[in-house]
Each structure stands twice: as structure tokens, then as C-alpha cells.
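Just one chain is shown here, as C-alpha cells, and it is the form predicted alone.
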């Protein structure tokens, strides 16, 4: 049984299709990234999984259960939406104590101390949350979401509105809680660098449909159309070398970047031919190495056509 299973999920609002035949799974212990532009239907999917919205068609299961009707399963899930679910008029420890009572947490004082240390807020435990920065509130919100040791935690845009330093703190915290708490993390995000750094698998949602679903490693491997970076001994020759490379029948594209020439090959075995062609044209090749595509490249490949009406 997977931690999360979505099969043929569809939902519309006011006659407009938001989700159309969406299917994907999330394994136990994974950090899973759910990607898509704003308005793509990511939050709608999460709300259906949590039992807050009814699907128009299909099914959504968490821990093999329908959370809309299964209170026991719902108690094994944690959630963080963008508003953090905190009271500015209570202290950090007071907020966690309040939720510990709602969740029925055993030994709440010990658990609260543990989590405040984990999110690096132990020295602010008695300060009012209204005095916290946005990043500190987000970290405390994550602590609130995992207070009752859920098996699955849903984080909806956890880095939204944060500066780069705070984004990194939250990213490191998500990785740490996944490791230490041994929980499945469902990360709803449009921060691609964040997702590529910490997620093991992703699904890309655009135009109401899943456009890609695979491990991050496999998606970025570019195994079908390998990409190689060519560094010349004389970088001043790059423009001329690019013209030469562009004429080769096994090259699908070539562009200059800060590291040299980035070449996409139509034939996976053509790297030796590329080197031979450059040497034969009297270019001195310093280095040729296989490059992986970024998650941003894959994302734009799938999202741009969908936003164009696919």
C-alpha cells in the first residue's frame, strides 16, 4: 500500500474543469513534490485528499483510506496550509500546547521541547508569535503540523513569501523531519530548486492533467536526448564552434552558456562523434562531460504547451 494514491481524479467548479483524470502515487517515506503553476489545481488536489472537498470523479486515498469518512486515518495525517494555523497572541510553546491538547498528544511538554529545538525556536518558546518573522512562523507552523507524529504530512507552499535564507531553513527542516520523524512528506510547491534538492519523486500538473510523474533522478537524467557540455581551450572560439556543431546531423541543439557549449544530441551514442568533429575542425577540446537537465527545464517543457491550451 502506498502512502498516497490518486486514481482518475476529476473536479470542476462552475463548469470549469480544474482536475481531469489525475493519477499518481506516493510511496511510504518519500518526500514527494507536486508541481504546477498557480491555479493549476494543486491545492484542490490536496483538499480532496484531506477530505475537505468531494471529487467529481475518481478516488483519493491516504494510507489506504478516504479521509472524508475515516476519522482514525485523519488523525495520522498532518497539514500545513499557507496561514500556518497559529495564534499571534499566544507564545510559541502556548500554540503547540493548545494543539497538543486537540491532538491528544502524550507527554506534550517533552514533545513541545523536542520540536522547538528541532525548528531552532527553543530560545523563543515564551515569546508571542506575533513578534516572529515570516520564516519563524513557517517553521513553527511545520512543528505544529507534525506535533502528533503523523505518518503523512501535507505542506502547501511552505516556502511561499519567504526570503532565500528562510527558504533554505525551511528546506533543510523538511529534509530533517523526514529523516528523523520517518514520515511521508507531500510537498505542494512551485519552487523548483527546492523540490529538486529534497524530493525523491515529482508529479507535474498543468492544464488540469498530470504531464509528468517520475523520480527526480530519472526525469533529470535526460537519457533519451543526452546533453553534454563542451569546454574549449580557447573560449573565444565558442561562437565559431557552435556554428560547426549546429551543422552536425546528430545534434538537436547547441547553445552557449557560462561553462562553454551546451549540446543536445539526438543520438545517445554520438558523444565520440561530436568530439571527433570538433577535433577534425581544429578546435582544441579541453573537456566534454554529460550534463543533466534541471527540473526547471522539464517543468517548462510540460507546462508551456499545457498553458497554451493543450
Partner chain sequence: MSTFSVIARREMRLAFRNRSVLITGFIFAIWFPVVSAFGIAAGAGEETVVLAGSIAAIILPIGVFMGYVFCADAFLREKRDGTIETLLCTPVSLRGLWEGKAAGVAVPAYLMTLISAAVTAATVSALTDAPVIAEPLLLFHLAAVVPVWVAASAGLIGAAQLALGMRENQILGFVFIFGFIFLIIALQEVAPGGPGLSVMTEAVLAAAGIALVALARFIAGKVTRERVVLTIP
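Please read all numbers here as calculations on a predicted model, not as lab measurements. Residue numbers count along the first chain shown, from 1.
The protein also exists as the form predicted together with the partner chain; that form is not presented, and the subsequent description refers to it.
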Which is the contacting stretch out of 245-253, 27-35, 270-278, 52-60, given heavy atoms within 4.5 Å of the partner chain in the model of the complex? 52-60
Answer with one of 75, 231, 109, 122: the residue that has a non-hydrogen atom within 4.5 Å of the partner chain in the model of the complex. 75
Within 4.5 Å, heavy atoms only, which of 235, 130, 161, 85 is in contact with the partner chain in the model of the complex? 85
Is residue 165 one of the residues lying within 4.5 Å of the partner chain in the model of the complex, judged by heavy atom distances? no
Though only this chain appears here, would residue 105 touch the partner chain in the model of the complex if you measure heavy atom gaps against 4.5 Å? no
Can you tell me whether residue 144 touches the partner chain? I mean in the model of the complex, with a 4.5 angstroms heavy atom cut-off. yes
Since only the chain is shown here, I'm wondering whether residue 99 would be in contact with the partner chain in the model of the complex (any heavy atom pair within 4.5 Å). yes
Along 10-47, which positions have a non-hydrogen atom within 4.5 Å of the partner chain in the model of the complex? 11, 13, 47
